[in-house]
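In the structure tokens that follow, a single protein chain appears in two forms: structure 1, then structure 2.
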Structure 1
Amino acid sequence: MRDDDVDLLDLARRIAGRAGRGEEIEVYATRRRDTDVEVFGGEVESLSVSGVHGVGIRVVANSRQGFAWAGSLDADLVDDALAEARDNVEFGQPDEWYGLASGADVADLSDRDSADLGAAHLELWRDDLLAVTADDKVQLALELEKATRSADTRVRGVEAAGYGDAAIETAVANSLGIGAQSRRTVCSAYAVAMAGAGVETQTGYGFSAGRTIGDLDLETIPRDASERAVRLLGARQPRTSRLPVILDPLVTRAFLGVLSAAFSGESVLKGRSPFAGREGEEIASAAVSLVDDPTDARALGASTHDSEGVPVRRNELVVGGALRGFLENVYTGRRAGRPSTGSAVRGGYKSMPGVGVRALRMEPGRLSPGEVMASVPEALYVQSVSGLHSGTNPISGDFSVGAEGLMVRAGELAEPVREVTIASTMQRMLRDVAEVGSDLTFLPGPVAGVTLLISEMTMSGA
């Protein structure tokens, strides 16, 4: 049987059903198809259409754990992976908390906040995306590049333009009776414009994302890319000062992406979260409510269940500035004496489940981006950052990154700035959030963006 014809959940259940006495087996099966197009100078620079099929098998016995995978759904190769996982159990270190999701984990989740469990009804798959030909996707990217080049007379060229999509199917089942499957489609398009004046060149980014091509706003992409590039022309390095900082939704997403690790039960167990042991305490301003909600179909990371087969739920991490709790998978939850929050994630069939966000967002406020800018007499609007991974430390909370953007005065964007560093700590930034914009922006990946006003940060310049 071809891999494309295999019923993933049936496969996972059949293999999990082969567990022997004193043994637990979990099978995670996935099938996905990806298309990526990049164009440059009116020609196709790269085009890839790939298919991935695979199975990851976890075996738990005698408080030990073994794992193996097969990059195919072929029955013989899956059998080999099961045998290898069983062999690997003998080499594992014993841990009394090892175990798979059970009916008790699902019951614990369902008993709590049952009104939040609407994920089973999510519609995340679009058949029409699969009907679009590769030629049509290439044409979309070429037209996007052309539109970006002609969006403004100061645009000298397009650094990059492209389109990508994925159709993803997963199933997970184990020998304790858990079984779940899901499928979803996602797509996105982008362009990077290059604007110039004299010898100076600035770049700007535009994007759109959705579940099918019809969801993409192809007119906004070139407009945003050109506008973001053009408005940085003439940028200069400002003097060092302390002032309010407004983060663009793309920058807020990057900030929250780094911060998300601090809310992982795995980080808490390893002593790597600055918020460990602070449940119920005020860790942010009252304007901050941080939620991971995979039950919201608008989020491109939405799902019906986590990668251990536990139904997902809306998890409130921070409400009105107060820490509510952490995200857990089955293992971290058992070690911490808590139930799973349906937050097991995997990097694919080759990895075992960790803990992570799927649809993290800061709950939007009442002010538009323009009203956020008008709420302070002067601020720095940060359009993009660099050095995010080298300049941030989610354990200590240190935050120091390169930035470019524009000054804001009297509620309007003013002169552009470059070669600056913005610095604070992530804990201080949460406490200094003065306003959260109303422009909640769902983006590719597990984190959404929103305009964010932080009352004070250090801007290091001249």
Structure 2
Amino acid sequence: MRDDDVDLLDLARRIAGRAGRGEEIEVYATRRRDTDVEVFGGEVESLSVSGVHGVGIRVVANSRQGFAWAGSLDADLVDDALAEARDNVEFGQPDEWYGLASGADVADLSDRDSADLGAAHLELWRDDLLAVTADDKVQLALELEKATRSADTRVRGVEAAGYGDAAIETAVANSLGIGAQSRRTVCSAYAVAMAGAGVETQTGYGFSAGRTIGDLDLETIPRDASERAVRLLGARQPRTSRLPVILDPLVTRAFLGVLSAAFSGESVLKGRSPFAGREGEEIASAAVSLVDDPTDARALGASTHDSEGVPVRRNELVVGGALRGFLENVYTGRRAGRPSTGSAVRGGYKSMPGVGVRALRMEPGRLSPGEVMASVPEALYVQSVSGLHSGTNPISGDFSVGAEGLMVRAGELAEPVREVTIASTMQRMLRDVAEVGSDLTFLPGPVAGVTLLISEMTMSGA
């Protein structure tokens, strides 16, 4: 049988069903189809279509765990992976908490049949995306590039423009009776404008994402890209100072993405979360409420179940500044004496389940971005940051990142700045959140964006 025709849940159940006495088997199977178009200078630079599929198999026996994967759904290769995973069990350190999801992990949501989660209420798949021809996708990218080029006379080129989509199906089954499948479609388009004459160049990014091509806002992309590039023209390095900082929704998303590790039960277990053991304590200003809610279909990371087959749910992490709890998968939950929160995530079929967010957001406040700017006499508006991963110590929370953006004076964007760094600690930044904007924006990836006002940070410049 061609891999395209294999029923994933069926395959996963069949392999999981081969568990012997005293052995647990979990099979995670996935299949995705991707299309990516890149255009440059009015021509298609590349159009790529691809299909990827594979299985990850986990075996637990005698309190030991083994894992192996195959980049194929071919019966023989899947059998080899199962044999390899069984072999790897022998090399693991024993740990009494190893184990797979079972009926107990889905019991508190028993109104949903665990075998039938693929049919749960979330509609994350759009057949019409699959019907769009490659030519139409190419046309969209070419028009996007053209519109970006002509959005402003100061735009001198388009560094890159493109379109991409994916249709992703996954199934998880294990020998303890878990069986779940889901599928989703996503698509996005982007453009990077280059503005400036002579030696100066500034770049700006615009993009839009959704579940099908009709969700994309193709007018915003060129406008954002050109505006964000043009408004940085003439940027200079400012003097070092301490001042209020306003984060663009994209920047907030980036910070929250790094911060999210601190809410993982895995980080807590490994002694890597600055919030470990602090449930109930105030860890942020009262303006801050953080929730990971993959049941919200507006989030592109929404899902019906997690990577171990446990149904997802809305998990409150911080409410009004107080730490509510952590995210757990089956293993970290057992170690912590708590049930799984349906937060197992995987990087793909090649990886074991870790713990992570799928749809993290900061609950929006009442002020519009303009009102946030008007609420302080002077501030640094951060349009983009760089080096966030290299410049952040997720364990200590220290961070220092490169930033570019504009000064804000009397509620208006003023002169642009570049080559600055902003530094603080994640813990301090959370306590210094003075306002959360009303502009909650769902973005590709597991974290949503929103405008944020931080009462004070160090801006290093000349």
Partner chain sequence: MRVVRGETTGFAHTADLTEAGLRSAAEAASAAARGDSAGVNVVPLAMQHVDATHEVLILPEDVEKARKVDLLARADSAAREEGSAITSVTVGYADAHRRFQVANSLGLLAADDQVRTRLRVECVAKGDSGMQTGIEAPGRSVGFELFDDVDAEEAARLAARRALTLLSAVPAPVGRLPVVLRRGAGGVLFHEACGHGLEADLVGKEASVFRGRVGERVAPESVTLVDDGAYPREWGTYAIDDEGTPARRNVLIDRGVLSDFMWDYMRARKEGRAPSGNGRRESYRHLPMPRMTNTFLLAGDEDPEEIIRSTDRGIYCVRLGGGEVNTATGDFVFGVTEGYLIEDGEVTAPIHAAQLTGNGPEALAGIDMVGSDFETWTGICGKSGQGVPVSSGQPTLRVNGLTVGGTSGA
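Remember, predicted model here, so these are calculated numbers, not experimental data. By rigid core we mean the largest C-alpha set that fits within 1.5 Å across both forms. Throughout, residue numbering runs from 1 along the sequence of structure 1.
Of the two forms shown, the one predicted on its own is structure 1, not structure 2.
Taking 2 Å as the criterion, A286 does not count as shifted between structure 1 and structure 2: its C-alpha moves by less than this amount when the rigid core is aligned. Relative to the superposed core, A197 undergoes a Cα shift of 2 Å or more between structure 1 and structure 2.
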